[in-house]
Ligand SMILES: NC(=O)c1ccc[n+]([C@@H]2O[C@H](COP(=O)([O-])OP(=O)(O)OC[C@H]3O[C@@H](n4cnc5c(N)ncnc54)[C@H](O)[C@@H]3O)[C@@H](O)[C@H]2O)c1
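Have a look below at one chain only, the form predicted on its own, in structure tokens format.
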């Protein structure tokens, strides 16, 4: 697909993955309108780390996914839609499950209603590997049962099913990308890898929750490539597609790998204050990415070691935006 001149609408464009995707689209020549969460400070979120000459080419619109009229107006006349806007903090979903469900599930409903009426040629919605819960078998393919082990995962399962229904009922050309755990530059210390890195930079020991859960960690630029290839592939319409490396590591192993690339040695400890409720902890996420390889020609390119090195170097040069003492939800 030639992106030059394409009219693209993206939600969540100021987020971690969204900012990288937005940058990729603009540099590819797309005309991008990005929905930003409103703040009185005109906060650009992760877009503040994108080169100014790229941001200057964006149409930035503050708004709320829960407002159907705004979404309908912004989506009108757009060719391709990327829907990444969501509340993604699992601990936050324990505290405010209603808000998380309204933004993630009802917000997706609003977007798909607008896409149905606006005539977009492709919509890519964003799922999460958390919808699978603790693996019943590995590697996890797209046919694995969905298990809501947190209010967050329940909201994303609902959103995924809305997308499925709108494709089957109304013929909306929607594809659902299901990334496993994405990491990289610009990610907040709500996530495990930045948490470990900032503690390694500023503390004498690493304090985490459970060290035994296993995760499939995918570098952010590889995840972005998955979004682009999904949008470009006619075969992706109506499909759910996993994006992950096909390799998993325990939280403890990830911490050890980070300390190694940073050239540091320090103890790694576990505390109950950072642990999920017992029934909510997802013990293993390991991606079967064979469908992505076959259907859209995607494969991971960045090794865990290289990705961790890029991420640690970036956080070291932006450490003022991180707090080594606070548990972010």
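Quick caveat, the model's predicted, so the values are computed rather than measured. Numbering follows the first chain given and starts at 1.
Just so you know, the form predicted together with the named molecule exists too; it's not on screen, but the next bit is about it.
- In the predicted complex, every residue of the candidate spot (64, 87 and 182) has a heavy atom lying within 4.5 Å of the named molecule.
- Though the named molecule is absent from this view, in the predicted complex it lies within 4.5 Å of a heavy atom of just one residue from 110, 242, 93, 127, which is 127.
- In terms of contact with the named molecule in the predicted complex, the residue from 150, 187, 195, 176 that brings a heavy atom within 4.5 Å is 187.
- You can rule out all but one of 72 to 80, 206 to 214, 152 to 160, 137 to 145: in the predicted complex, only 152 to 160 has residues with a heavy atom within 4.5 Å of the named molecule.
- The named molecule in the predicted complex comes within 4.5 Å of no heavy atom belonging to residue 312.
- Although the partner is absent from this view, residue 307 stays clear of the named molecule in the predicted complex, with no non-hydrogen atom inside 4.5 angstroms.
- Residue 35 belongs to the set of residues with a heavy atom inside 4.5 Å of the named molecule in the predicted complex.
- Among heavy atoms of residue 114, none comes within 4.5 Å of the named molecule in the predicted complex.
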